[in-house]
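Before any questions on how it binds or moves, here is one chain, the form predicted on its own, in structure tokens.
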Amino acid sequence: MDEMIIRAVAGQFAIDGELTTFRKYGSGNINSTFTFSTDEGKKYILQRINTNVFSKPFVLMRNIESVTNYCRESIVKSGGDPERETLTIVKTKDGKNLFRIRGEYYRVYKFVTDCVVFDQLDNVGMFASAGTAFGRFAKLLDGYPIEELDETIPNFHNSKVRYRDFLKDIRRDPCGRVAECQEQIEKIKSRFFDLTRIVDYMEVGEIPVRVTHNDTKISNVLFDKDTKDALCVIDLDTVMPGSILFDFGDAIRSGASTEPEDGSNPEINLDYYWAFAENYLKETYGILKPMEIQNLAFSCRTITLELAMRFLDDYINGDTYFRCEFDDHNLIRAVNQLRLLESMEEHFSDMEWMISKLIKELQ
């Protein structure tokens, strides 16, 4: 994105002052993100929305505005600071939450001051603090009228639909890659019922539909730059109706692994698992239903299996969704997610015991 476009876009929003400097920000795989400062000393986040992924940007922003307003009200009632504990949307000068130019859509948020974002964890305490942040996010939105929330990506965690599409892509084999990943395909097929268990419970109403974040990785938490305490959850593009279990499971998948997604031979780090679960449950115990508690540990296996399938499906389709750094990046990701899953399966009795122990301590 060139400087002329950034200056033109920033000028359309109701910011304080005129843009002076800007720079690329963060490491997100979907949207293009920048920070910019003004001559009045204010700082903002500017993002270009990837409409290949989010095909209905106005629906997306309606979700985000509704959810952040609801969070803001809850934070104010509890005596918190809404300027630091949730995102603040900056409207355009004519009152819209998006600006469109040359067929592309842009939005602006206030920059949360004195905060930092981490792509990787430095210590177990930070992951525990992230557990507090994601748990607090779930608690803040408990009671939100779910019927007001739209799906920004249809069937995002509908594992039955994703599995059906996966099988179709295997049969089509559009890039001639299926033959080289038969081992991974069979591992996924053999775990079909693990993949669909939570969705099955949701379909019969035993697991409730809630507001869920759907991308609970460490880089989506803002931390205080001095204390390293978690401030708030960011990147709300995938906020949709879903199961709270997907958020818990994905946080563990991404944060309690001994290796990054493309690292070799990852295993589940049980110390990190415990720390996150302990703080998460301190925030959410009062709102969780028995079937949700019963499936917390299992959700880590489900979401890890789903991500392995998504990485492999994207590889089969020619790497059209996830950003890749090299030719078989998605295949390597899929292989490693399956290895992480196997580690979770090996330690599953410990994972369930830990949840049970934490629940007893909260009763």
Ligand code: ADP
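Basically, rigid core = biggest C-alpha set you can superpose within 1.5 Å across the two forms. Each residue number is its position in the shown sequence, starting from 1. Just so it is clear, the model here is predicted, and its values are computed rather than measured.
One more form of this protein, predicted in complex with this ligand, exists but is not displayed; see below.
Of the candidate stretches 293-301, 324-332, 43-51, 66-74, only 43-51 has residues whose heavy atoms lie within 4.5 Å of this ligand in the predicted bound form.
A heavy atom within 4.5 Å of this ligand in the predicted bound form is found for exactly one of Leu222, Cys181, Val124, Ile170: Leu222. Note on the partner interface in the predicted bound form: the residue among Tyr285, Tyr109, Trp274, Tyr201 having a heavy atom within 4.5 angstroms of this ligand is Tyr109. Interface membership of Pro57, defined by any non-hydrogen atom within 4.5 Å of this ligand in the predicted bound form, is ruled out. Proximity of Tyr25 to this ligand in the predicted bound form falls within the 4.5 Å heavy atom cutoff. Of the heavy atoms in Ile234, some are within 4.5 Å of this ligand in the predicted bound form. In the predicted bound form, this ligand sits beyond 4.5 Å of every heavy atom of Leu98. In the core-superposed comparison between this form and the one not shown, the C-alpha atom of Thr35 has shifted by at least 2 angstroms. A displacement of less than 2 angstroms separates the C-alpha positions of Asp271 between this form and the one not shown, with the rigid core held in common. Once the rigid core is overlaid between this form and the one not shown, Ile170 does not reach a Cα shift of 2 Å, moving by less than that.
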